[in-house]
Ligand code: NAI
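This document opens with one chain alone, in structure tokens, the form predicted alone.
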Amino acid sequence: MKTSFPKKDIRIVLLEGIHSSALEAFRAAGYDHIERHDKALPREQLFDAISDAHIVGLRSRTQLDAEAIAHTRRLLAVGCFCIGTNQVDLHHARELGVPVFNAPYSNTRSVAELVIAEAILLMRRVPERNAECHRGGWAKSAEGSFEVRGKTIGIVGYGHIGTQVGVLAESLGMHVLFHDVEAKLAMGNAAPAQDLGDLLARSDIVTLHVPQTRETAGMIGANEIARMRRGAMLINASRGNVVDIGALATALRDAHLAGAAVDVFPKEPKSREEEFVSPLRDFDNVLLTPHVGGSTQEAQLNIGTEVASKLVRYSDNGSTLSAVNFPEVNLPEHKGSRRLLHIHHNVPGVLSRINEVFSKSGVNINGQHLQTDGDLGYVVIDVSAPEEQSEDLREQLAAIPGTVRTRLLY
């Protein structure tokens, strides 16, 4: 099957109302065949929409699992216009030679600002006061209401978002503790806790910023909550399965915790029409938000530009820098050369066979880039050859045992 595509023939499908900045980035790069959907599509409609797509862009609601990927015939790359990539079967995409890109940093500031705002609102008991006013009450009192200045915020997961939270919190006069599974350089006057238990015991507010892994699933359960100070507060803007919601509800009901703010949940509605169900709805002292930590216009604009730019670079010159499931190769432009991409199983002898193709054809290699990652290898070859000969070379490369896919860049 011919897998070389001129730019004018590449079809892009964008789902879930991806910001117009993505369209602008694609069009500025010369890609005009773009289909955009404002919402996630039902499964059958999704299968139809992506069947002929070369590039698929999605957010968190669309599930691009093995079944969905099987309905694609020309898929070259996937863009997750968000931080997470759990909605994509990364292994299956990798097996087919399809790199997946995301935007791990573009909404950092948006999430950090929300967390700081929630910390202030919780410490001032605003959620309860607000709820009572809506019911006609007037609970004008300073009881249980505190400034955040001088209080300790414990940050679990000291990555890009965690460090930003720490910087903002310190600017308000808060003491910053952090815990991470890896050694991290402290920003400002932030201090590392001895371990998670130490952080929980010393913090007035605990905020979670960890990825979704086997290790983080249920990491804050009844035992961990019991180690928190009585009257402390918990904020989760990381992943829905990190906190045991039942244990959190019990701690709130027993008044062990004075409040919480939760933006992510183990099970989230798939649309506005589906009811949000959670035991946390029973509590006035809990701020509940529908997974909007990174949902600002600024963040969506940045995400649109960042992910579209990565997809353009891969489509234009084969660069896979920051792909989450693929060998990373950062490539220069290939002016004056034809560029061939060869994705293969990482077994001995493949590179020799690749070079043999060019040697037998009498074609000089201008440049060659190889990167392997576990069981997958990725070779990019620049040659001086006319289009017809380059296509013949691609077909010879495709016939090499162990080849996953090949492509000739125009």
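Because the structure is predicted, anything quoted here is derived from the model rather than measured. A residue's number is simply how far along the shown sequence it sits, counting from 1.
Separately, the form predicted together with the named molecule exists; it is not shown, and the next lines address it.
Residues with any non-hydrogen atom within 4.5 angstroms of the named molecule in the predicted bound form fall in just one of 67 to 75, 314 to 322, 286 to 294, 91 to 99: 286 to 294.
Although the partner is absent from this view, Phe326 stays clear of the named molecule in the predicted bound form, with no non-hydrogen atom inside 4.5 angstroms.
Interface membership of Gly304, defined by any non-hydrogen atom within 4.5 Å of the named molecule in the predicted bound form, is ruled out. In the predicted bound form, at least one heavy atom of Tyr158 sits within 4.5 Å of a heavy atom of the named molecule. Although the partner is absent here, Lys184 is a contact residue: one of its heavy atoms lies within 4.5 angstroms of the named molecule in the predicted bound form.
Distance criterion of 4.5 Å from any heavy atom to the named molecule in the predicted bound form singles out Met219 from the list Ile225, Ala193, Ile116, Met219. When you look in the predicted bound form, the only residue of Arg125, His175, Arg339, Arg239 with a non-hydrogen atom within 4.5 Å of the named molecule is Arg239. Of all the residues from 253 to 271, those having a non-hydrogen atom no more than 4.5 Å from the named molecule in the predicted bound form are Asp263, Val264.
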